[in-house]
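Given as structure tokens, the chain that follows is alone and in the form predicted on its own.
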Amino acid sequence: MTIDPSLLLPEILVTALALTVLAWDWLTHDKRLLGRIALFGLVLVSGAIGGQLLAGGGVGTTLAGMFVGDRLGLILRLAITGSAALVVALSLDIVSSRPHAGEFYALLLMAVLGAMFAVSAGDLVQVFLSIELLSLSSYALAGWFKTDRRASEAALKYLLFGGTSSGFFLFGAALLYGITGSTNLMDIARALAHLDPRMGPMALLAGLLALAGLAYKVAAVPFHGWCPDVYEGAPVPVAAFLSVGSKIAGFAVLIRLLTGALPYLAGDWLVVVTILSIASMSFGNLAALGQTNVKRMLGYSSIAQAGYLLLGLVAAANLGTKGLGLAAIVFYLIGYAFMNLGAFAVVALYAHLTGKEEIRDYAGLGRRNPVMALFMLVCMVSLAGLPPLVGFWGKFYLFSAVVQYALATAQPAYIWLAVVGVLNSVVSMYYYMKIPKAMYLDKADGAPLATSGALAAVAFVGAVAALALFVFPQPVWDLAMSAVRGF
């Protein structure tokens, strides 16, 4: 088996970085520099991936076809490492002063490594191993505050749900291997193209089981039960990473599995994905309406966002609109990473300074810390999908892709799917605006709040990127289109 180290360079660097963090922690016991080492290393890794993108490198296959280097993988790996760098910056004031900081950053980097391998997986074995590396690291991170009962509960629920979902995926993967004789995604697609019709129901069952396992990773209904509880109980930096890293990895694998390995079952999985999309959008938004905890509200928001992203997979079920649907997913994932991490930065700052996470506790923040309140306002408006922020374009591209699918396939009923998405966006405005209302309209006494440099920087990057990507969406859209051109 020939191994091309150039294709695996980012993963090699992240592995070396995780080992460096552990070694530094063990040799010096100096917790202060651990986060800065992790942050600096992730910036370097992001630069290396960006260099491969600009130079046209990092393309090919290695590890006997298990690892696929392409522009989609490079762009999403860059999104993962960039998001992780922001999460590390977000965690500096929260984690670095606590015991076991070395383990925290090492686990986070291992989760990043798992997500990076997942987005470039060309084989069911690599998909499983990558997702498990991401998941096992995430379970430990969710319960990192060992003395916090909520964190322990979150980690246990995450583990139980995650183990069940892994079983679903592994059973589906085993059936696909038994039917096709291969675990390689492209070989599976070729085998299914000439499959005995009598084996069709078994192939469909295998695909649906694998889809169920992956739907858990993106928090799609009805596999969402872990999400609000884990977001509420986990440390804020961990919840921030899960909201972005798991989504990027999960949707990358869904793209490769459904459009790469199972395109001949598209007529069947299309119906299931449509149902998951409607259920996730509707349940996530309706359940978020009554939430009073900010982190829990963002958990239900994450479920709804998964529903919007699934619209792109609906469009990808048709060859003529596949590019539009997949590019819309990539564009939205990039925009979602910025606006969600910006919001979590403000949540982290407020929880760190006051120990409070309830929406009502944000009363008067517009007066106590106008800068952070402004950043939070921008991120909430963007998550709601309103202009002039990137959330508007993200949802516009997803809804447009579904409409194009309906027109291309002469199935006007799917236009109503876009209408359901629009209506859900309208519903979401109510709970997204509850925080700005509290910050600017509700009165409360309190001294001005200090601003942490690292947390303010993350919030600033999230808010500015949300605005910049609305004003200049075309470069990112072109990048997304180039990423999915080979699918």
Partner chain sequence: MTNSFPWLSLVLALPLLGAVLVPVLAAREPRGARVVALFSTGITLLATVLLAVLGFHLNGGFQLQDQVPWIPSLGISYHVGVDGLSMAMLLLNALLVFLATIASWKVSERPVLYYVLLLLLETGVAGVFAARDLVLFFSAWELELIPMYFLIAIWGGARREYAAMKFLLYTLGGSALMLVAFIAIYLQARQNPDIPFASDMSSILTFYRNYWHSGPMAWAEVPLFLMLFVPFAIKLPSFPFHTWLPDAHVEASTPISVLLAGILLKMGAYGLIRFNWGLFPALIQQIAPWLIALGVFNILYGAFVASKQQDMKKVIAYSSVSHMGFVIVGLAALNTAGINGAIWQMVSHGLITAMLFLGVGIVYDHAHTRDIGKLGGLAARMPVAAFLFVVAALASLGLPGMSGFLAEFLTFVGAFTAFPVAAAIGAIGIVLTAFYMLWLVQRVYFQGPRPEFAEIGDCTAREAFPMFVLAFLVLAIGVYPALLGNTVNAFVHGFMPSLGL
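For clarity, every value in this text was computed on a predicted model and none was experimentally measured. Residue numbers count along the first chain shown, from 1.
This protein has a second form, the form predicted together with the partner chain, left out of what is shown; the following refers to that one.
Shown alone, this chain has one stretch from 435-443, 62-70, 44-52, 457-465 that lies within 4.5 Å of the partner chain in the model of the complex by heavy atoms: 435-443.
In the model of the complex, W477 approaches the partner chain with a heavy atom inside 4.5 Å. The partner chain in the model of the complex comes within 4.5 Å of a heavy atom belonging to L407.
Interface residue remark: L133 is not counted as part of the site for the partner chain in the model of the complex, having no heavy atom within 4.5 Å. Shown alone here, G167 lies farther than 4.5 Å from the partner chain in the model of the complex, counting heavy atoms only. Looking at the partner chain in the model of the complex, residues F392, F399 and F470 each place a heavy atom within 4.5 Å of it.
Just one of L257, V381, A121, M339 comes within 4.5 Å of the partner chain in the model of the complex, counting any heavy atom, and that one is V381. Taking G181, G267, P387, G290 one by one, only a single residue has any non-hydrogen atom within 4.5 Å of the partner chain in the model of the complex, and it is P387.
Annotation for 417-436: interface residues with the partner chain in the model of the complex are A418, V419, V422, L423, V426, M429, Y430, M433, P436 [heavy atom within 4.5 Å].
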